[in-house]
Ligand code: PAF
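Have a look below at one chain only, the form predicted on its own, in structure tokens format.
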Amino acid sequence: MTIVVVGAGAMGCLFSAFLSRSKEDIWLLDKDKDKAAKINENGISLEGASGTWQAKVKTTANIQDIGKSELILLCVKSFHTKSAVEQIKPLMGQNTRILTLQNGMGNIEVISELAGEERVIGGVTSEGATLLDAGKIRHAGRGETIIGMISGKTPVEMRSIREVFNKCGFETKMTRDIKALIWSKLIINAGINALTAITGLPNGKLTEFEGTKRILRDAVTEATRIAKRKRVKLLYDDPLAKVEAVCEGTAANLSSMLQDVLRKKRTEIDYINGVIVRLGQELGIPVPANKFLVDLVKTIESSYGSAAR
């Protein structure tokens, strides 16, 4: 199986490195030519939850180097989904599947519109990774990965993906309810990401302070209320307990949104807490905590270069 990981950020590098342990043909594709050349030459270096080790992964910015692929793993920011899918079309053969492990809501719909719903596999992962430098990451926490299709089917290709992931070290399961899967991850991200981006705290510290713990609880409660109104059955019975468990399980991790803020880059706030705010307005459900988080993250983004810190 030829597997192409798109996006050489923290998660893209993490999955590329682990997948390189398999007997599959692994490629890492990134639009940054210099970054791709550096990773191709030096490999991917990991430290943290899985130990200290290095992986050699074929990395390129030139899609012509790769050819047709059976699996494309999308690890780009949500606001780059459309352009990324348009870029990878030459990699798609008749049986190509696209697996998204992205944050936020709406990615499956965008990919389906551009590539066909039958190709798309949604996924969430509780693996935590922090990007230290190009091709250098800290594996900040272990967790399960869950995948599923909109149709609810579990075709042989998806079972093969699960098998490859499990063999290379990722605990992977399948679900028939992709809506529940995506909403469950959205609620986790809504409770954690923006708060870490605002405070600069790693995930595990959010539950150690009364202020952040209270805001986390309010944000999760609001998001859960929206999910219930939309009749979404979540993967866990106690959303708040699940979010707090994720904080503990990825205690040392710097969320992707915090990493974006530290690098003064655009965040995915519109695709996470912003989704809760928009749905709250549509449904007439107050979501003040999520609105507060969106406003603060937007302010941080707008003030890059002018803030005192």
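Note that residue numbering begins at 1 and tracks the sequence as displayed. Keep in mind the model is a prediction, meaning the values are calculated, not measured.
A second form of this protein, the form predicted together with pantoate (PAF), is not displayed here; the remarks below concern that form.
Of the candidate stretches 212-220, 225-233, 165-173, 186-194, only 186-194 contains residues with a heavy atom within 4.5 Å of pantoate (PAF) in the predicted bound form. By the criterion of a heavy atom within 4.5 Å, residue 203 is counted among the residues contacting pantoate (PAF) in the predicted bound form. The closest non-hydrogen atom of residue 59 lies beyond 4.5 Å of pantoate (PAF) in the predicted bound form. Contact annotation for residue 81: none of its heavy atoms lies within 4.5 Å of pantoate (PAF) in the predicted bound form.
Although the partner is absent here, residue 69 is not a contact residue: none of its heavy atoms lies within 4.5 angstroms of pantoate (PAF) in the predicted bound form.
When contacts are defined as a non-hydrogen atom within 4.5 Å, none of 16, 20 and 160 contacts pantoate (PAF) in the predicted bound form. For the candidate set 55, 279, 261, 246, a heavy atom within 4.5 Å of pantoate (PAF) in the predicted bound form is found for exactly one residue, namely 246. Along 234-270, a non-hydrogen atom within 4.5 Å of pantoate (PAF) in the predicted bound form is carried by 246, 250, 253, 255, 256, in order along the sequence.
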